[in-house]
Every structure is written in C-alpha cells, then in structure tokens.
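A single chain, nothing else alongside it, follows as structure tokens in the form predicted alone.
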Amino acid sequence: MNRTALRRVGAPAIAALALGLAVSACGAGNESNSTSGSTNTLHGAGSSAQQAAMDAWRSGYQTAHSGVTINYDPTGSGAGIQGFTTGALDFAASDAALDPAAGEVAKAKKQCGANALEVPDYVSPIAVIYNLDGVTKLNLDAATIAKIFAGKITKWNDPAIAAANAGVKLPSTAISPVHRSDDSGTTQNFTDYLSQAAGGAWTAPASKTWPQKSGEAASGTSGVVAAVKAGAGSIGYADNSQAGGLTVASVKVGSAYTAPSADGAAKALEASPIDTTRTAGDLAIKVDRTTTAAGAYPLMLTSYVIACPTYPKAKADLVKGFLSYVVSTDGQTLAGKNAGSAPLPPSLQAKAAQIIAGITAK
C-alpha cells in the first residue's frame, strides 16, 4: 500500500480514536450540552491551523487562572465540528463556518438547544508551499494553481508557470500536488479561493472534503507539510504559521504578485462582508477572494470558535471567560506573536466579544 492510501486509511481511524477517547474521558452520562464532567476543565478540538494560537491561548489563560485546564486536540475542522455536535466537546474550532447545506447548523442547534454561537477568532494567510530544488522564488496565479491541483499542469517547466517566472530556471520535474485527506476548513478556504479567483479553471465547489481524485492525500496540516518536505517536486497548501521552513509561492492579486502575510490576510478580511443570512450570534464572513485591495492577500482563512449560548453555571463562566480571552486584544496579540496571525479588525473583535459575553447559565 502506498503512503497516500495509508494516510487515507489512518486519518479517519485516528480521528475516530481521538473522538472515542474524548467521549470516554468526558463521561457519557452528563446531561449538559457537553460531556465534560469537570467544571474547571474545558475540552475543545478542531482546526489544526489554529494549533499554535490555541496553544498560546491555553497557556496564557491557564497561567492567569490557577486550577483551570483547557484541552485542545487539533483533529481538523471537520472532526471538531463532529465532536461538538455530538456533545463530546465544550467548544470547537473550525477554519470554515458551519455549513447549513451539510446540516451542521441544524446539528449544532439540536445539541445546544438553541442556535450555536460562531465568531471569528483567528485570521491567517494560507501558503502555497513547494519543494523544488534550486527554485527559491515562485509566482503563481489562481488559474495556474487550480490547474496544478486538478492534475492538468504536470511539469514544473509548463509554459503557464514559466510565463509568470521570467528568468527562473524551471526544471522538467513532475509536479506532485498534496492535499488534505481529512475534512478540513483549510481545504474549504483553499477551494473557495480557487472557485472564486481561478476564472473557471477550477470547476468544483468549495468544500471541506477534497473534491479531486488527483494528487497525494495527507492527514492534517502537519501531514501536508511533511509530505511536501519529503517529496521533490511536491506542492501543497497550509496555514502560513506551519509552513515549516518550506519555500512559499507569491500569489497574483490584481496585477501584482503578493507573498502571504498576516497584514495581507487582514486587509482581505476587511474587504469582505459579514454573511447576513446567518442567525444572531453567527459572525460568518463571506470572504471576497477576488479583491484587488492594495496589499490584500485573499488566499486566507478566517477561523472560527463555536460554542453554545448556554451551559451549566460553572461551565458557562469558564467557557465565557476563556473565549472572551481568545478574542480580546491580549489574546489576539498573543496569537500574533506565537502563530503569526492577524488580529481581528476592531469592529469585528467588538462584535465577537459581545456575542461571547452573552453566554449564560441554564
């Protein structure tokens, strides 16, 4: 069995094991909207892109609140949402908003007993990472990226790549695209970017599940990064904070090629509207991947934290306290230092803080 097949088999098994452990550890007999049996412990899981930021938030909050434990498992956005909607978690983190069409909004509402709360907490560029000996600088436009990941451009010296990289000696090495094998909010954002910005070169809809049959599959952000590092000629996508020293391509925005940056991600977010079709307490953003705003980098993710509006009294105070810290100025600054993310724009931060402050005891 090749390593792609191994990853495809292993990832669901690992996720299922992690979820089973979470349920077992939290205690299945609790009748609250979380299976956690301890009022001074929170259990969260989800986005692997958020891992560095979440580690910093957990450490900062636990240091300031003796006796509190915040657990977080970076199982991927899909597994985090599944754990939250089945009651195994107190909160989830996802690099894509809950999907009404997939039933996620309804499942979260059923678990919470009311519409779930969903607010942005992490803004970061997605990097197109590659491993190509001798090529330290690379420009790619959205259509070319789409054709690479769809298996339509298969050599590094393809004319479409060469046209954007005058003076760069591109080898005839075969391109090996690597994508996520698990359901992933990073994949959702990456495919959303391709569907909006690639001018028809990408025909599949935005999806947490990789929609193409081509390429190699790897589990989690760390798996994609490891696969690209291990494979000459490989290319993949990952949260910029976890690019792992790999070379990163610049992406065409308007008439210029722009490298991923926290500032560029923040500018793309500011150019994007809130989704007005969502319920109160849901701050999903409709990211404009075609923006040409100066300095914007629209290949980015707006990551969310998802919680219920009510919890048992002691748990309500802890959930509200921790999530309030996450979206606070101190929390956002700490994430920037540890994960290279952009702080939430002030107006969005204020709205997120107000929604979280509304968490109450039941």
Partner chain sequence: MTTVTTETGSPKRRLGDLVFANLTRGAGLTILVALAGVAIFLTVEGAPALGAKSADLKGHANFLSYVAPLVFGTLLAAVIALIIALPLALGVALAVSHFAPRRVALVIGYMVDLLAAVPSVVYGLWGIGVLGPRLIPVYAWLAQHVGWFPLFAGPASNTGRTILTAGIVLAIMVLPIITAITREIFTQTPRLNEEAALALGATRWEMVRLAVLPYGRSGIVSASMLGLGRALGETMAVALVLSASGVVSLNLISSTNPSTIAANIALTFADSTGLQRNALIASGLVLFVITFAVNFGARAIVSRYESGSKA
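On a predicted model such as this, the values are computed, not experimentally measured, just so you know. Numbering follows the first chain given and starts at 1.
Beyond what is shown, the protein has a form predicted together with its partner chain; the following relates to that form.
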*Consider Lys213 of the chain shown here, and say whether it contacts its partner chain in the predicted complex, taking contact as heavy atoms within 4.5 Å.*
yes
_Contact of Thr191 with its partner chain in the predicted complex (heavy atom, 4.5 Å)_ = no
*Is Ser176 close enough to touch its partner chain in the predicted complex, meaning at least one heavy atom pair within 4.5 Å?*
yes
*Do Ser48 and its partner chain share at least one heavy atom pair within 4.5 Å in the predicted complex?*
yes
_Sole residue of Thr247, Thr290, Asn115, Thr209 within 4.5 Å of its partner chain in the predicted complex, by heavy atom_ = Thr209
*Given that its partner chain is left out here, which of Gln82, Thr258, Thr144, Ser195 has a heavy atom within 4.5 Å of it in the predicted complex?*
Gln82
*If contact means any heavy atom within 4.5 Å, which of 274-282, 230-238, 145-153, 250-258 contacts its partner chain in the predicted complex?*
230-238
*So, Thr75, Asp183 and Ser219: all three within 4.5 Å of its partner chain in the predicted complex by heavy atoms, or not?*
yes
